[in-house]
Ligand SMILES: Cc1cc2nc3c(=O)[nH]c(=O)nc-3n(C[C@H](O)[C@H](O)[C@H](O)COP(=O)(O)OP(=O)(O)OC[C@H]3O[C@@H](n4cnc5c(N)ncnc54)[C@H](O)[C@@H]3O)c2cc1C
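Just one chain is shown here, as structure tokens, and it is the form predicted alone.
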């Protein structure tokens, strides 16, 4: 039976960067994924993800964000220039909204620069948007978007180049602990490892069933629209944007693929996951089209029905925790088993630093990164 230093279940964002980090430190690594990332069946679907330095979800994420940025910039400099596109991120909402308040707090706590724009200034500077007169705009200029496919290609290829044995389209049937080792079972056989890392996204709850993790999988609908005024939606002309009602957000158009628009805080729960994921429906799309017409009318040709201008609609999965924060910890009964789960729709940008932390914990038993607030114990 083959033996490794570390086995990884799940090779999406967190798992692939963990494999890269471990292999780069000389560990022998085997990784498994039931699909072949990137794909549309998990939490990394949708082509792009936002990168923000000013973080509204919790100020404690900011030091991790800064470290993640160091990784992203290093990888881009080493030969993956398409990873990052600097566009800025514009948050829009009423002054007392949680979005605007969170951006202000995070910027103040960490001394991060933010441009404050009135609704009129937003309309003049970014004519695609029509925020109501009582809205404030906060522009994080040290922000932009990450190309999902380029990121996963970078981490998976680097992990292989450094010696990791990655098994894609290989479902894990189960795992068990024998003595100080972990056995991982697939239809092709079993492997031994000194450590196991579970980073399986929406499947983490099933793989770690005995822990009864408080994870809820939610179906998210993503759309792409052909811009009526394409010059208003190019990087440099438009930032990534977020409107406070429902965290309605969008991206500039990249490579002629259309303008990506979606909700962050809406989506149907999928209790008992894994279960079938329904495709996008008219009930998903009509409210979205209504908000586009209200807040981003420059995207649409007013003489045509909004949904006729949609290029594509897809689903991805959020794996949510009750408090919206990640879970990053060691198994309470088996200290050779580590897991990262419940990224709650905002974890992709942290993947390189999460890989660093999981590699630290697997090989050294500790990490210098400030992740204690992500531990499972005492939170739920």
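Bear in mind that the values here come from a model prediction, so they are computed numbers and not experimental data. Positions refer to the first chain, counted from 1.
Although it is not shown, the form predicted in complex with the named molecule is what the next lines describe.
Relative to the named molecule in the predicted bound form, residues 10, 171 and 201 are all within 4.5 Å by at least one heavy atom. None of 62, 316, 27, 337 but one reaches within 4.5 angstroms of the named molecule in the predicted bound form through a heavy atom, and that residue is 316. Distance criterion of 4.5 Å from any heavy atom to the named molecule in the predicted bound form singles out 220 from the list 220, 106, 136, 87. In the predicted bound form, none of the heavy atoms of residue 352 sits within 4.5 Å of a heavy atom of the named molecule. Within 4.5 Å of any heavy atom of the named molecule in the predicted bound form lies no heavy atom of residue 331. In the predicted bound form, no heavy atom of residue 241 sits within 4.5 Å of the named molecule.
A residue is said to contact a partner when one of its heavy atoms sits within 4.5 Å of a partner heavy atom; residue 50 meets this definition for the named molecule in the predicted bound form. With the partner left out here, the named molecule still marks one of 300-308, 113-121, 202-210, 74-82 in the predicted bound form; by a 4.5 Å heavy atom cut-off that stretch is 202-210. Residues of 23-54 that come within 4.5 Å of the named molecule in the predicted bound form, judged by any heavy atom, are 32, 33, 34, 35, 37, 39, 42, 43, 44, 49, 50 in sequence order.
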